[in-house]
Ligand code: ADP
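Just the one chain here, the form predicted alone, laid out as structure tokens.
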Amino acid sequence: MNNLITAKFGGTSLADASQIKKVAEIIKSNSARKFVVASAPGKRFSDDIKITDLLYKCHSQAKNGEDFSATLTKISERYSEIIKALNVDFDIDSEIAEIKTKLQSGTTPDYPASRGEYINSKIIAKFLGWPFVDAAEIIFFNEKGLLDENTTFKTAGEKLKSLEYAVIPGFYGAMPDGKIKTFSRGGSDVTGSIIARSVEADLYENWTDVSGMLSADPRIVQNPKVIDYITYTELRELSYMGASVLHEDAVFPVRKAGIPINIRNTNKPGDNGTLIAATLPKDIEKRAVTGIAGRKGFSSIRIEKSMMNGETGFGAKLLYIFARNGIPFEHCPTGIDTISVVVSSELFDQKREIVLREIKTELDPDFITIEKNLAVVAIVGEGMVSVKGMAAKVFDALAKAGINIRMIDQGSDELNIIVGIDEGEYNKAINALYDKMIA
């Protein structure tokens, strides 16, 4: 059993009183769970509205001079239902009145958006009988709006280590002038990681509505396997391709401290979930491929020029053209006389004529070929490096499915193989690769 656990619970885990009661049972079932990070109430059903979205709506209405009282009343009623069902003594009217006053005074959207976590955490703290610690008192941003790690870890560590238990709201902290600053959406995951690092936890549990990370998108592959163990490196690769149940920035604080993350299901607490660590346990079954993920919406700009390899800085000049036009590149496969740049179609289309003109003027290519409607699929696994013929298996799976490969890219560490295909064949490719590499 772990000696100290930081547990973060997501919006679906805390959507209503019955879910909060489940969470309380989970917390109390292990005395090592001493620090809890809470999200705002999420959706109770498919057509429901998250509290955070209602708070953003209030701010938008206030900013536009519209009456936001009806929206604020919905928020109040939602919390009132939770308070009544939990039978806790909590003055929701005062909290709502303060939000109203701030909105009327022209506050930034960060303040009202943060109140979902703030109020929910105070209610949960009351229900548990634990101290409440405001994230604005222990999590700090610098003047540029970036996390002030040194001040945060020191302040949060000193404050929380003086307490036996505590509930901390996720999603926000404070700027140097004391104003509330939020992380990007899903940022409660980041708060949980920061708290785990600050208190030197042995484990960071992230409780959500799925039993861990899946080896493929369940909307495409029927009943994909749950990934039992995954390294931080593999997680970053898959998360970048869109396959994650965790905010990607949540990895960094705990990774530096060597603290593992456990993705767990609030509604199925008996499931082991997915453990994310620096290295895989030595006693688990070795696997070549950990997961398959991908994204649509890319274009490939292929530049061909004789003796390109003899021109010093050709690739750097090409990438700089994209960079100064605000277009980050995703992949850059190269040959002796060719180089391709894979970018977001949406961003490229906005600057297409400018970029092409600059490429022709500055690089004088022989040919420029543009391929659109490209999907990118990544096959990820640290075990691939020790298995011969992995690339051949990938190509064979796609060939047998009748899928034409339009781009190939493999990292030097052999952690992943990335292929570009037609968007229309995306689902078929994911299934073919899953059946060949994982199932």
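Note that this is a predicted model, so its numbers are computed, not measured. Numbering starts at 1 and follows the sequence shown. Here, rigid core means the biggest group of C-alpha atoms that superpose within 1.5 Å across both forms.
Here the subject shifts to the form predicted in complex with the named molecule, a form of this protein not shown in this document.
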{"property": "Proximity to the named molecule in the predicted bound form (heavy atom, within 4.5 Å), stretch among 300-308, 205-213, 154-162, 327-335", "result": "205-213"}
{"property": "One residue of 340, 71, 244, 120 in contact with the named molecule, assessed in the predicted bound form (non-hydrogen atom, 4.5 angstroms)", "result": "244"}
{"property": "Residue among 176, 106, 218, 281 with a heavy atom within 4.5 Å of the named molecule in the predicted bound form", "result": "218"}
{"property": "Residue 420 within 4.5 Å of the named molecule in the predicted bound form, heavy atoms", "result": "no"}
{"property": "Partner proximity in the predicted bound form: residue 12 to the named molecule, non-hydrogen atom cutoff 4.5 Å", "result": "yes"}
{"property": "Threshold 2 Å Cα movement between this form and the one not shown at residue 293, rigid core reference", "result": "yes"}
{"property": "Residue 27 C-alpha shift between this form and the one not shown of 2 Å or more, rigid core reference", "result": "no"}
{"property": "Did residue 62 shift 2 Å or more between this form and the one not shown, C-alpha, core superposed", "result": "no"}
